[in-house]
Ligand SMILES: Cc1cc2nc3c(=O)[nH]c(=O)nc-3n(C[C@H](O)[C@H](O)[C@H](O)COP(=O)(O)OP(=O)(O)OC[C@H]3O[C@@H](n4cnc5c(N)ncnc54)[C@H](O)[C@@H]3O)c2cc1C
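The data below hold one chain only, encoded as structure tokens and taken in the form predicted alone.
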Amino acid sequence: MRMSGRVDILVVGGGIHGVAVAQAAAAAGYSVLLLEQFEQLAQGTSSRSSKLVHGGLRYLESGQFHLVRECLKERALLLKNAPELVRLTPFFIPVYHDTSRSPGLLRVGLGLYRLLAGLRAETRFRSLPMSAWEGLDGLATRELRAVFQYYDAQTDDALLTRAVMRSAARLGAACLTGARVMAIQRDKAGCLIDYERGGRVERQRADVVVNAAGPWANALLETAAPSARRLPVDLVQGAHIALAAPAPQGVYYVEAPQDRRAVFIMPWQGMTLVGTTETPRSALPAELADWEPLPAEIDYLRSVYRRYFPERAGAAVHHAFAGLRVLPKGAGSAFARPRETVLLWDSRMRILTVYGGKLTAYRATAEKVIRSLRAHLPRRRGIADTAQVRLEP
């Protein structure tokens, strides 16, 4: 076994939160190495999201104002720092006679959304006149009461993840793909991490480990000796279908008639993307190839699309994909559960685990991780501010 040296921070996981921690660590002056088990970054959930950079309008109903404000602030930073990767897109909310939220309630919600965003120009919203309804991509107009238009943003989640890692590398972070962690040990000098890469086992020493392995987070903690602290979690599958229908002019934010959940109907690569579901999964699939939508999820999403775009109801499913979200275990449906990220520090093992997290707030989450770790790391001089770092595609 070859010893590969020492770093201040070793990050496990090459999704959006792992690369963001690598970027924030390098910007703060720390030496950092990121290990990703797959051959490319963003092979798990970070390439299987709804591709949205948004504040989370629906979180206002559950009082998650801090989360919404944070996401809207981060959206503004991404629009400034990554204009080729994150673009404003019109969003449309159709309101029918059987929609559970009235036009008045939605107007209040959109007003609060704009207020939390700091009344920026891109946060303006309006109610579209009836004369404009026929131009909305074939949206069903029977019993339609109102259509609101506002703006949020879209991105390519995988490209964004890789752009953040390139930024981290320019700041001095190192990254190894195809590196599977086999064991984490604790000794007087810090952590020893054994990983396998290219058929060879390597050993890396680090002051602390950041576990950003997403759905694999608790599986990674099982490799630690002594045993590491962990949270019981629920795995929730989110499925999307890409329909061979012309891309709509914007994102439609609709209610699923089956259960009143929010579903997005979006333009994506010249097609129409519909998602997402929230299906509990009892275990992590063994292979990425097993991350496939269930037939019931595809039927659910096709039914939602048919309800709102009956003229295009015959559009075929071009392809489908699914990702797994991690939620701390709790009561109630996944849709209604809080989405705040949980950071769990194990002082004995010197491992900080990131549970959950929103794509939009990845940078803010990474900065919280670094602030949490400062007391456990050598003093370093920062070299950059991630809020000012430009991201290139």
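Note that residue numbering follows the sequence shown and begins at 1. Predicted, not measured: the structure shown is a model, and the values here were computed from it.
Beyond the structure shown, there is the form predicted in complex with the named molecule, which is absent from this document and is the topic of what follows.
Contact annotation for residue 343: none of its heavy atoms lies within 4.5 Å of the named molecule in the predicted bound form. Although the partner is absent here, residue 46 is a contact residue: one of its heavy atoms lies within 4.5 angstroms of the named molecule in the predicted bound form. Residue 276 belongs to the set of residues with a heavy atom inside 4.5 Å of the named molecule in the predicted bound form.
A residue is said to contact a partner when one of its heavy atoms sits within 4.5 Å of a partner heavy atom; residue 212 meets this definition for the named molecule in the predicted bound form. Among the residues 82, 181, 304, 173, the one placing a heavy atom within 4.5 Å of the named molecule in the predicted bound form is 181. Per the 4.5 Å heavy atom criterion, the named molecule in the predicted bound form is contacted by stretch 234 to 242, the sole one of 293 to 301, 137 to 145, 234 to 242, 109 to 117.
If you check the named molecule in the predicted bound form, you find a heavy atom from every one of 14, 216 and 325 within 4.5 Å. Contacts between stretch 52 to 67 and the named molecule, counted in the predicted bound form as any heavy atom lying within 4.5 Å, involve 52, 54, listed in sequence order.
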